[in-house]
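Single chain ahead, written as structure tokens, the form predicted on its own.
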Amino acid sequence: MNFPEHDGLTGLLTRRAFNERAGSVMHSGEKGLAVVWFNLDNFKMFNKRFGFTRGDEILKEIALILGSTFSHDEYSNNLLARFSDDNFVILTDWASVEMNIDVVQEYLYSLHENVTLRLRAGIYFPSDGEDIRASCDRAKLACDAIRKNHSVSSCMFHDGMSRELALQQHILDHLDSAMMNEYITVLYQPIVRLSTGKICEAEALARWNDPERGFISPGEFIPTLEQYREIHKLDIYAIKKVCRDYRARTERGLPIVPVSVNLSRLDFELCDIIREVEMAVMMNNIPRGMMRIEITESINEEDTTVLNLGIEKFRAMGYQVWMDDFGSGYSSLNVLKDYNFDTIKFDMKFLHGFDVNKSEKAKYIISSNLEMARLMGMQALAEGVETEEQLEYLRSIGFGKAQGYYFGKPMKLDEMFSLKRGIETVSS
């Protein structure tokens, strides 16, 4: 089968053609090469705002800018490709690569003064004869490393990233076996009603204790599974485990409280997540009112249509839908405008380092957001509570519920019900 060598939109090399040609160059023994991975920030949001036609024009502009900038080098054998969507890769001479990246970024700024377009770049210097695909992976990892750092436009790959790449690969290669062998477990963190001090709900949280690598942080395996679009496997696994745990308690006639499960925005794209939740709930005879659906604030990064339909369907079926990590990003108000939630979970991370009794700014931020949630008919829950001081302040301004290490770390379900806080029992 003949595959096209050039991208139909930009005229650049395709990924396949680039890998073949660049691989030949690298194995020829040519020295002083650099592989650069480019990514255009927030391109999907740009398409949403200005339309796909304008987005295609931007991609063609970038292809021309990259081609003209790097063609000015004394090195004449640059290979430039569009790998997918807004990802471009170039094999070039190492000597002027950083200067050229700065020129490209400045040119983009000058062309679009009213629109912020940032082309991130990850740089990798391959060894003689190194595999081109591995080199591209390393350049991409460097590019991804500055996704949230808007003060720089480029990053060079370093050895620490090799360890990160190896961990990512381990996570992807061992996810299925980790779930099958229960190296990934589901623990529960209590949610306490502040007026009584009793446990009224719980949040289910996945933890991975790997036989080879030990404890793998959720901050490592969750972003990896989201990046490589495997997160739905973990979320479905967690939902099923929660339902089995709850059935086991009800069959023994033990008390239960509602539990929240975390869903990724991607779950609504990668699988029929509503059907998966319904099947697990029905098979284990769990009332819908005992399950809370938590969705993170990062939902605002993509098109709202599919997710909004999913949220409304969950709510119509009798599930409460919560917004997780409110206040952790920059788009909280837009999220509240676009979606309907039953409860907002306020992220207390921004309180760290503040003395809540002395910081009037911290007090104002929290109390004003709490009042806004009330006016919109939503309940409020503070998460990440760690100190008595924080707790007393949150209680004083009217928070009804809270969770955090102050009340207890994630633990096994039976252990949570053994805490000496008392339980708001719910009849099964």
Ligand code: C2E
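What you see is a predicted model, and the numbers here were worked out from it, not measured in a lab. Residue numbers here begin at 1 and follow the sequence given.
Heads up, the form predicted in complex with this ligand isn't pictured, but that's what we're talking about next.
| message | in the model of the complex, does each of 276, 415 and 416 have a heavy atom within 4.5 Å of this ligand? | response | Zero of three within 4.5 Å in the model of the complex.
| said: Test of understanding: in the model of the complex, would residue 101 fall inside 4.5 Å of this ligand by heavy atoms? | reply: Result no; residue 101 lies far from this ligand in the model of the complex.
| Heavy atom to heavy atom, is residue 342 within 4.5 Å of this ligand in the model of the complex? | Residue-level check for residue 342: no, no contact with this ligand.
| Do residue 263 and this ligand share at least one heavy atom pair within 4.5 Å in the model of the complex? | Output for residue 263 is yes: heavy atoms within 4.5 Å of this ligand.
| 4.5 angstroms heavy atom contact with this ligand in the model of the complex for residue 348 | Answer yes; at least one heavy atom of residue 348 falls within 4.5 Å of this ligand in the model of the complex.
| request: With this ligand left out here, work out from 283 to 291, 227 to 235, 312 to 320, 159 to 167 which stretch has heavy atoms within 4.5 Å of it in the model of the complex. | output: Result for this chain: 227 to 235.
| Can you pick the one in 389, 383, 41, 61 that has a heavy atom within 4.5 Å of this ligand in the model of the complex? | The residue from 389, 383, 41, 61 that makes the contact is 383.
| Contacts with this ligand in the model of the complex, stretch 202 to 224 (heavy atom within 4.5 Å) | In sequence order, 203, 205, 206, 207, 218, 222 come within 4.5 Å of the partner.
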